[in-house]
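Starting off, we have a lone chain in the form predicted on its own, written out as structure tokens.
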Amino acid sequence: MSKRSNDYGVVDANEIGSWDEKADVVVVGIGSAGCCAAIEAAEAGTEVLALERASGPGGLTASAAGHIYMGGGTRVQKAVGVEDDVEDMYTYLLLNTPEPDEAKIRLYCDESVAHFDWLVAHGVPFEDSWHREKNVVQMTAECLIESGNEAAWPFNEKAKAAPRGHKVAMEGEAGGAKLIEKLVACAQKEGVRMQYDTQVLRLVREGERIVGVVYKQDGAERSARARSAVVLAAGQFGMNQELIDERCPRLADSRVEKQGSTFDDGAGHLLGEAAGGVCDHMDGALLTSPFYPPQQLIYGILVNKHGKRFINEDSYHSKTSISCTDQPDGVAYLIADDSFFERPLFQWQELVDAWDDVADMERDLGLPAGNLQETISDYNAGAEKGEDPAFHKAAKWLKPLTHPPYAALDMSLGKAHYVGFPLGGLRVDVDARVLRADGSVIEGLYAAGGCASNIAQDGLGYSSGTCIGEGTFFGRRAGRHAAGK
């Protein structure tokens, strides 16, 4: 157990002399999940107190571009002519989730359109527009984007592909901040009391039920009684190196930059565990070093230190990135030719060199003699016919590599810039109630967002927008259920 876990715990209610604050529902964290929980609880007629460790609202969502994974026929999808079906969305998410909870995924898909409508009704803006290029994040205010592996093999054979990443209508990467702005305004309008610079240290238990929290504010410890429930929405644990070292090997590597907000130290995870909960998929992480945009680089091929391909290059950028780091010694190169090469927009990879001859490139990269030549020859033979029998890259991304000079971008771990964040969290049911290892419910305790485990479990199956999508969706469910609705 991490040393940091000693900072968080549980105390008995009889140790609380008198309560400094009282509310029906106490929400820990004012990010997108916490805001949604607070809004739903307040709209249900309960008194809500929301406590945030930072000096303002937002969490990691506030620094995100603001993609939310929704589908099944949203207003935006219909407006731009995208046909999407709930069953295709459901099948796609099932296939991309290592240990899928079918009930959660079914609920998430069945109510996806309604969730979109709820966000719109609460002031969150979405353009009726479609960013049609394969991208990591569109820097325009355009809404809809293919944000995962929807169009890549093998998923495109089992579920009809559709773009489901809905970006909040803001240019650049300000969509997450706009989302928080709108949700906070709604929460305040509903009378939610928000306190900042407030660190929740302990949960308060009465018998088997969680009935409040102890928190530090202005250097003093205070307590808040939760007449109905406590909702943990304190974010992920990417800023807690000890927890990362113990539980998330992919991110423990010093060559990976950890993403997170300042206070993403796993407080929600550790509080929930102290109360008897368990965490799932703590080794799961999004990890990426995107080589696109520009999208034409997808015409290239990824090879390892043996000069062999290992993935269909049109996969989602986290899937290709993780696959690169999983190659022998973490060595991988993207090979392109002069007909489409352009330096990556993010410039997270170094251009090794350019060669007029594949044999020279093979030699200079230290690859086994003949292997890369054979790989490119085989790939070109298929690409000429619009086929990729080895890895099934979609025909639209197949282009023979026949125009020297040939370039190599170094995708190797330690050479390319890799970033990531963890995805694991507390085990919860469909109503966001925290569960013990035996499946029993910890009464009075809920969790949502980065400190709960729902749909996003690893980076290989991740689609951009899933974290904010499930955080807002299950945050809403947490608030409603905590309010007794």
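Source: prediction; values computed, not measured. Heads up: residue numbers just count along the shown sequence, starting at 1.
Unshown form predicted in complex with a small molecule; subsequent notes refer to it.
From the list 424-432, 438-446, 37-45, 50-58, the contact stretch for the small molecule in the model of the complex under a 4.5 Å heavy atom rule is 50-58. With a 4.5 Å cutoff on heavy atoms, Leu460 does not count as touching the small molecule in the model of the complex; it lies far away. Though the partner is left out of this view, Gln236 does reach within 4.5 Å of the small molecule in the model of the complex, counting heavy atoms only. Although the partner is absent from this view, Phe263 contacts the small molecule in the model of the complex, with a non-hydrogen atom inside 4.5 angstroms. Contact check for Cys324: no non-hydrogen atom falls within 4.5 Å of the small molecule in the model of the complex. Contact with the small molecule in the model of the complex, judged by any heavy atom within 4.5 Å, is made by just one of Thr97, Ser223, Thr198, Gln349: Thr198.
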